[in-house]
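Below sits a lone chain in structure tokens, taken as the form predicted on its own.
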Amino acid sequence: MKFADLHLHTFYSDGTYSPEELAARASRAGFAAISLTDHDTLEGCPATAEACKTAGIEFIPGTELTAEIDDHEIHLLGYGIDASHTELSRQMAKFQHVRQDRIREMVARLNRLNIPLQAEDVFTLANCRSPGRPHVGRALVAAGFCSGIDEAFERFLKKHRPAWVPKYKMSVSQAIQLIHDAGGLAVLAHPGLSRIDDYLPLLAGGGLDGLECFHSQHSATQTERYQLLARQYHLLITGGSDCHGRSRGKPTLGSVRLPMEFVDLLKDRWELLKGSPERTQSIEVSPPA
């Protein structure tokens, strides 16, 4: 039986693997297909596609966007999107600029705590256009202010800790529309972490294409539950490890093995809907009953 991992990150956002290392590790793990879903960028997709071609692995271009629904943060995975799409490129440049400003604000808050970290040190370490909290954590460790990245998050960077800064989030309607306009499919990432099950009917009616049922932080019970919900709302079933390399803890590549039958269904849906007009309906947000 063949398997895929459709949720992976490289050093083009907050992962630690290069595209070549990611493809090599995926090959050693026996995967038939992978998708790169770096945050707010498609920059790593060409190199990953080439590395996958060399390794004999099918590659699906993707990205991960942050959105919100009724003040709940969610992440959307966009699959099969066109990297040359003008509006997508414009929006991603905006998201990257906001990410860089967020790093500067985190560092400013650390400075007010008498932690003399410099924003440029974080940007040099990140060496990408889409920096995130893990880069600040690694910079804190590299400068000797924390013993490890887990300590950095626990002391400073987790939500509501002293250096935490909220993310910029577009509305879920905007995010789904952006993915669709760029020719892609919109999938809700790790719903077990988002905890917005009551909103699934609203999202499904508003153009959501799929649900990431298989995830490294989903229990077996959650995986089964989300497969049932996906079928109930006629959503695609996807899955991935959400591997960030060695960024925090052990690498998770290989921990989730999505059967290729689900990848084939995703590709079939993409082909069916490619070029179809008016795929996204407006999502009117109101608290679930």
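Numbering starts at 1 and runs along the sequence shown. Treat the numbers as computed from the prediction; the structure is a model and nothing was measured.
We do not show the form predicted together with adenosine monophosphate (AMP), though everything after this point is about it.
You can rule out all but one of 198-206, 178-186, 130-138, 84-92: in the model of the complex, only 130-138 has residues with a heavy atom within 4.5 Å of adenosine monophosphate (AMP). Of the candidates 167, 104, 97, 72, 167 is the one whose heavy atoms come within 4.5 Å of adenosine monophosphate (AMP) in the model of the complex; the others do not. Proximity of residue 257 to adenosine monophosphate (AMP) in the model of the complex falls outside the 4.5 Å heavy atom cutoff. When contacts are judged by a 4.5 Å heavy atom cut-off, residue 149 counts as touching adenosine monophosphate (AMP) in the model of the complex. Among heavy atoms of residue 153, some come within 4.5 Å of adenosine monophosphate (AMP) in the model of the complex.
Contacts between stretch 2-19 and adenosine monophosphate (AMP), counted in the model of the complex as any heavy atom lying within 4.5 Å, involve 14 alone.
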